[in-house]
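First, one chain by itself: the form predicted on its own, in structure tokens.
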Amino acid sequence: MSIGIIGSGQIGSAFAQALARNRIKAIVANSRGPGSLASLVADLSPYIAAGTVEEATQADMVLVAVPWSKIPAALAGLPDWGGRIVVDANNPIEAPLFKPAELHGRLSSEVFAELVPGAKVVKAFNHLQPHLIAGDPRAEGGNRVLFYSGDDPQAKREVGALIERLGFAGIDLGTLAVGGKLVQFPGGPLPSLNLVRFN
């Protein structure tokens, strides 16, 4: 399964580091173009390559991690996603003010899903701090927990399998309506927790 990453900030870069550590290839892209990613891909070569947003979105699974206010522009003009998996790793809050976005009572994943028509959206990789995603998932004799949720069972299985391959303990929280609310930051009860599962 090919993997694309849209966004080279803390979460996108941490996800790229986790992939490279496990020798999994991906294309990473941002709004500034491939040239701006030279230092990131140099550190993660040969597994992580720089590309355009259009190239990254052609992958079977695409993780999107972009500052909340910039998501609409980052995804504008892209063709229908055609049933491909899109991982929503975003939080409706951003630096420097860290003021929660106005969602009018909706979940951030609901808002996000409307921006990726035709995609199978899975919420994941948003609730752990970036250094924990990039670092060794083994902790205290167990494996660090990564939650995920979504409405398409097959898409969730694919994301869950990737999470396990990266060395994390994946826990399926159910649908976006249920799981998305639990991991939404701010507001959900789970983003503040760094949990370990023991086998």
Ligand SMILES: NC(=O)c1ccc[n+]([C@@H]2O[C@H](COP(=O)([O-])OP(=O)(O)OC[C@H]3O[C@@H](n4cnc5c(N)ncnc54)[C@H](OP(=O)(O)O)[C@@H]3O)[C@@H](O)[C@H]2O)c1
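Numbering starts at 1 and follows the sequence shown. Note that the structure is predicted; figures quoted are calculated from it, not measured.
Below, we refer to the form predicted in complex with the ligand, which is not included among the displayed structures.
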| query | finding |
| --- | --- |
| Close approach of A101 to the ligand in the model of the complex, 4.5 Å, heavy atom | no |
| I3: touches the ligand in the model of the complex, heavy atom cutoff 4.5 angstroms | no |
| Proximity of N91 to the ligand in the model of the complex, heavy atoms at 4.5 Å | yes |
| In the model of the complex, L128 touching the ligand (heavy atom, 4.5 Å) | yes |
| Interface segment, criterion being heavy atoms within 4.5 Å of the ligand in the model of the complex, picked from 29 to 37, 168 to 176, 135 to 143, 155 to 163 | 29 to 37 |
| Neighbours of the ligand in the model of the complex among 2 to 20 [non-hydrogen atom within 4.5 angstroms] | I6, G7, S8, G9, Q10, I11, G12 |
